[in-house]
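As a starting point, one isolated chain is supplied in structure tokens, in the form predicted alone.
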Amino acid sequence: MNIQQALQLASHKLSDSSPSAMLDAQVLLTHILQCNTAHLMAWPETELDERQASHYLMLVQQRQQGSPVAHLTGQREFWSLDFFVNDCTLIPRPETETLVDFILDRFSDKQNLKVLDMGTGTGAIAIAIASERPDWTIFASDFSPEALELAMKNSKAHQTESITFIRSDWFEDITSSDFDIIISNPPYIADSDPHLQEGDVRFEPRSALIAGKTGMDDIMHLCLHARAFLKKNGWLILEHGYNQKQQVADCFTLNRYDGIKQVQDLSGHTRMTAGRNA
């Protein structure tokens, strides 16, 4: 079986289970062959050896059964950086880059800011920011020791020594109270949301996804308590669901943040809200 035949076979097998069958087939094969997509296109007649073919078909079968591509390869790209991933936390997603982009743009002229990334998971947000602004002091917290271990592994891989990692259930073990920015991609899915039975989220930890009956529990908690840990005029910046725009804006207003700004992701959905500690 050569590269072209392998891709055609995999794409056919995945056509009923994946909305991006050929892309999945390519990503899995580049993982097996340790090459890039351009190599697949340039050398379609290259034969896979028996071990490569067997491993590839096994991964395709697992993808047919719903396993996320990122879990099968152990990696996912975020902010043009490669992150190790596993099933102990969320897979980094493109819409979360909206938060990073907002921070780097809005605070581009600021030096030595103190930033806290809460519920850091893979560490993607904190590491992306640290890679761009090594002069900032960045803390990253998570309740899960497994998630923190993964985040620290990613931080070491990207040489972002400016990050301090803390195990904490939200603010419970956060001892500083003078942050310029608190940022989070918290759980924001309602416990009855049918999307929990679809796609990659079926394989991700419920604790990183679900936030009560309306999906607002953790956002409300962060809005309520963050002001005590922010400097005056410091910013709280949160990712949320595409349909939570008004609920989150109301939550920020209720907790007396001002200068509230909401930003759309590349798909045109409002997925981020920021407010200043007045």
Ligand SMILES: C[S@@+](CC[C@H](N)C(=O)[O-])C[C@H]1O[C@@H](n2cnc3c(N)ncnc32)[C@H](O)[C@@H]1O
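Residue positions are given as counts along the sequence shown, with the first one as 1. Just so it is clear, the structure is predicted and the values come from calculations on it, not from any experiment.
Another form, the form predicted in complex with the named molecule, is not on view; read the next lines as being about it.
Colleague: Which of 50-58, 66-74, 205-213, 223-231 has heavy atoms within 4.5 Å of the named molecule in the predicted bound form?
Modeller: That would be stretch 205-213.
Colleague: If the cut-off is 4.5 angstroms on heavy atoms, which of these, I181, L150, L90, A190, is the one near the named molecule in the predicted bound form?
Modeller: Only one listed residue qualifies here, and that residue is L90.
Colleague: How about S168 - does it come within 4.5 Å of the named molecule in the predicted bound form, if we only consider non-hydrogen atoms?
Modeller: Yes - in the predicted bound form, heavy atoms of S168 and the named molecule come within 4.5 Å of each other.
Colleague: May I ask you to check whether S144 falls inside a 4.5 Å heavy atom distance of the named molecule in the predicted bound form?
Modeller: Residue-level check for S144: yes, a contact with the named molecule.
Colleague: Would T96 show up as a contact with the named molecule in the predicted bound form if we use heavy atoms at 4.5 Å?
Modeller: Residue-level check for T96: yes, a contact with the named molecule.
Colleague: State yes or no: in the predicted bound form, is some non-hydrogen atom of N154 no more than 4.5 angstroms from a non-hydrogen atom of the named molecule?
Modeller: Contact with the named molecule, no.
Colleague: Are all three of T120, I125 and P186 close to the named molecule in the predicted bound form, meaning a heavy atom of each within 4.5 Å?
Modeller: Looking in the predicted bound form, the three residues T120, I125 and P186 all sit within 4.5 Å of the named molecule (heavy atoms).
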